[in-house]
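Presented as structure tokens, the chain that follows is alone, the form predicted on its own.
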């Protein structure tokens, strides 16, 4: 039997709500059709934003939304997306599908979306093809409350009051699509550009995010931080508040990424082992960050993560539209547990992407919308947001897998909310076998009872479609028994379980 031991007296840090953040890029049908349909659409909307999508996203408590990219950010010029829609410039989206971008969704629309969601804002600026002046004036346009050319321009476009920019990314993937830069060159550019990301009297200073590495490029992290920290006086505030990290799970080892739906048991385990690699990435990049920031004041911002497969047959290859199965739910579950466990360093994460692209939580088709298995994981994990991570450990965990691809049977994380209720999230990675887990507490602690139990499970390839939207859904669960200071649960294969434990 697997045993999960929880020490409710040992709090290891606060889980930032932003760890459960999302990412929206001008890519495929993410923005247009997915989020924004325009005010004149027959699809129910508020100020152009799909009502069904907004309501579904509010249910998972989206804490922060990154926009406008991604690779699109470093070719986006913000002035093209303001003013009367009929006068906005049109452009070809050269990164994603070669389609015409009409810029009908721009700065004003993004902030309207965040208002409806009630979430924080994360704007990504253009370093690859933009100028310092352009970035500086965008910040002025968004946040300055006073007399200035950009504040006047904003008012002329219908918005007198400034907005709040919570996070600002200085470039995106500048090692690749953002300019193919060397780390020292980008480090110097970051120092220059961030200087002009000014705080214009906002209630809290904007958090500046420095462009970090791709996956295991530890040299990028080291050289960029060396460059950014060079000459900094002891005790001085660093020029960055966060360093980004991008990591995608590509299940196949070939040039093709593999099918989202047509996969075998070996590929199931290969995908999950690669998802678990996130722990090593955070640990090793975090060790480099510790040399410059031992007090962990600079957050690791995993602002692109998730599973990336071949596009669905018959769709535009540049739209990155893919289906979503129980495999994706487990990949999301283990990744979010990893983020929780590293909450001392990871301060934000943004799954890619929110609607209709890559590992989306929602898919739309005309007026219809479905929730993916990944959506339900975010819904089950929402109680971790802002809670305190508790010390917890599993014993008796065996390896399960096929051939060289092996993963631990179960992963977990545990947190305590302000009301004293514990949230336990368990991922059972075996594709074929059930497993029993015994949850116990320190002898001198008060007892807990199960207040709520939810499960997401099914066959590993199961997924929701527009004709059958309810194949995979979160549901109530009662496969547990409560004893004195112990709770035993039986986990079915391919399952994500959430327990809410209230003190007796």
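Numbering follows the first chain given and starts at 1. Please read all numbers here as calculations on a predicted model, not as lab measurements.
One more form of this protein exists, namely the form predicted in complex with a small molecule; it is left out here, but the text below deals with it.
With the partner omitted here, the stretch from 222-230, 390-398, 304-312, 237-245 that lies within 4.5 Å of the small molecule by heavy atoms in the predicted complex is 304-312.
The shortest heavy atom separation between residue 20 and the small molecule in the predicted complex exceeds 4.5 Å. In the predicted complex, residue 96 approaches the small molecule with a heavy atom inside 4.5 Å. The closest heavy atom approach of residue 353 to the small molecule in the predicted complex falls within 4.5 Å. Contact check for residue 82: every heavy atom lies farther than 4.5 Å from the small molecule in the predicted complex. Distance criterion of 4.5 Å from any heavy atom to the small molecule in the predicted complex singles out 173 from the list 173, 112, 293, 166.
Proximity to the small molecule in the predicted complex, taken as a non-hydrogen atom within 4.5 angstroms, holds for one residue of 64, 455, 27, 472, which is 27.
Highlighted residues 71, 320 and 358: every one comes within 4.5 Å of the small molecule in the predicted complex, counting any heavy atom.
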